[in-house]
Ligand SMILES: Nc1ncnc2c1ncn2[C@@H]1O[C@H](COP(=O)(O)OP(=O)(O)OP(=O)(O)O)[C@@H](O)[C@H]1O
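Shown here is one chain on its own, the form predicted on its own, set out as structure tokens.
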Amino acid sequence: MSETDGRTVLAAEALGKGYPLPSGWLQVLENLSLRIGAGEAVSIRGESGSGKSTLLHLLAGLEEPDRGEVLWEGEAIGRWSAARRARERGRRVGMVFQAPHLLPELTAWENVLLAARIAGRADRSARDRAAELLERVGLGDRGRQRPAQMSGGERQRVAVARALLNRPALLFADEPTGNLDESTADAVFALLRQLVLEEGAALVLVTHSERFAGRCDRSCHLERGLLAGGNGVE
């Protein structure tokens, strides 16, 4: 897929989230709305403490909002049980973090396949797709190597392949290039963007980088609990 097909894959409707503090109540997000289509990349920037991680956790179903709803492919995930939400997250969601979080005792291929094992479907097709994705991220000949034998950029490419193994509709990337040098970061971001387009996933990129934010389809800024720019506010 080379462009968005008009389907709304991820929606947040009037989200509110806060936390109790000894000094009172901290309202992190307030009446926040966002819609993202298949194959679309949206960046979210903001100062430290602005609520970027909280928003990402809500969108990924790792936390529940105090108010509002998160919808995956039109389904309100807040109405699901915790067990179903975890099951659907394994099937529909891929995540890439600043650190690749690879298991050191596993090979690159085994680390990619781990996503299918967690989802309970490490069959022949999943094993073949793990090998295919390693080829697509330029590591087809490194599948038997362990993380300690790979560079930081190579480990992060393995993490990207793992995130895409189950053909997720949603991909969340939290500072995925933060630990990489500039040229390696450029290569990893370009790869991530290309694969999202090809797979027709919706990408939410949390980043401090204006350069990478500007290369997404839309760039939003999180401030005082609201998203501004890039049609972030519905």
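All figures in this text were calculated on a predicted structure; none of them were measured in a lab. Numbers for residues come from their place in the sequence shown, where the first is 1.
We do not show the form predicted in complex with this ligand, though everything after this point is about it.
Exercise. Name the stretch, out of 184 to 192, 164 to 172, 65 to 73, 45 to 53, where some heavy atom lies within 4.5 Å of this ligand in the predicted bound form.
Key: Only one stretch qualifies here: 45 to 53.
Exercise. Check whether Arg35 has any heavy atom within 4.5 Å of a heavy atom of this ligand in the predicted bound form, and answer yes or no.
Key: Close contact is absent here: in the predicted bound form, Arg35 is far from this ligand, nothing within 4.5 Å, heavy atoms only.
Quiz item: Hey, in the predicted bound form, is Ala60 touching this ligand, heavy atoms inside 4.5 Å?
Solution: No - in the predicted bound form, heavy atoms of Ala60 and this ligand never come within 4.5 Å of each other.
Quiz item: Is Val204 close to this ligand in the predicted bound form, meaning a heavy atom pair under 4.5 Å apart or at it?
Solution: Result no; Val204 lies far from this ligand in the predicted bound form.
Quiz item: Might Trp25 be said to contact this ligand in the predicted bound form, defining contact as any heavy atom within 4.5 Å?
Solution: Because no heavy atom of Trp25 falls inside 4.5 Å of this ligand in the predicted bound form, the answer is no.
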